[in-house]
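Next up: a single chain in structure tokens, the form predicted alone.
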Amino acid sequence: MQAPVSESLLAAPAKINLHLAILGRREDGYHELSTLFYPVRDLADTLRIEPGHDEHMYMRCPENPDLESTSNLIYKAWKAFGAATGFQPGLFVTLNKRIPMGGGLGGGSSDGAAMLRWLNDNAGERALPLQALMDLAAGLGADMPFFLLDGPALATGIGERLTPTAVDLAGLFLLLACPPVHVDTPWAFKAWDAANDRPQASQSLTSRYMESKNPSSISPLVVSNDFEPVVFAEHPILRKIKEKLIRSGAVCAAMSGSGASLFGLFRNRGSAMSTARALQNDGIDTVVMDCR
């Protein structure tokens, strides 16, 4: 018999890639990356976990019932943790989606990581040490281990090798723009492969550099994304949004992940807010947060 679990409400925050470099395709078909993950806690999904009446996990997602399946990373995390530890309580999970899907913001991975963290916190003597939990997460999704950490991290390999990295953006304001465009990540990698015969340096539109106040493995901080040329060619509206961010006063701007979300960093909150309102008038969802 497993001990009963209590109801919990979990936050699963988004992330952006402050920079993303594709170093080339590996023999196993995956791509070697170097990317800097940065958490966006003001945009988060929530998971309400309630005790179940049997040994199964039931999930509902009011905003997107298509996510109520065994292919969801929440279910996969529950299943994998049970197989690894023997702790697999019966649960009802309600997922409330706020992070756009197909936006390059890591929502699915964050949801799965939130479930893994909750299971580990409630597993008692069967809990895994952090590295074992990270390894389990990496087997489910390359982005997932990052969400088990508490701050920015440099990711290499296929994104699974993480180094916590000091990035001080204090005094800046992040504007996140989430247009109603879905970019399929496998398509983006194939498009990059077709456009690049060999690894090359980033040639992203309006790439900028920023000094990080804290010493880190990345200094100065490069804000760029190697996916931009191929994704912008397929979705010109994304290039226009990035240009608008730069023209409106952002000190740097880039697409996150394989898109379609973009972000700009502003020194002035008023400029960030007025730009956000202008984007909202164009039907684009926005989030503005203080980089504390």
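Quick note: we count residues from 1 along the sequence shown, nothing fancier. Because the structure is predicted, anything quoted here is derived from the model rather than measured.
Missing here is the form predicted in complex with cytidine-5'-monophosphate; even so, the following discussion is about that form.
Option touching cytidine-5'-monophosphate, based on a heavy atom within 4.5 Å in the model of the complex, out of 231, 223, 36, 33: For this set of options, the contacting one is 33.
Option touching cytidine-5'-monophosphate, based on a heavy atom within 4.5 Å in the model of the complex, out of 180, 124, 186, 129: Exactly one residue meets the criterion: 186.
Answer range among 78-86, 135-143, 94-102, 169-177 for contact with cytidine-5'-monophosphate, defined in the model of the complex as heavy atoms within 4.5 Å: The contacting stretch is 135-143.
Non-hydrogen atom contact residue 158 with cytidine-5'-monophosphate in the model of the complex at 4.5 angstroms: Yes, residue 158 is a contact residue.
Partner contacts in the model of the complex for 108-131 (non-hydrogen atom within 4.5 angstroms of cytidine-5'-monophosphate): Heavy-atom contacts to cytidine-5'-monophosphate in the model of the complex: nothing from 108-131.
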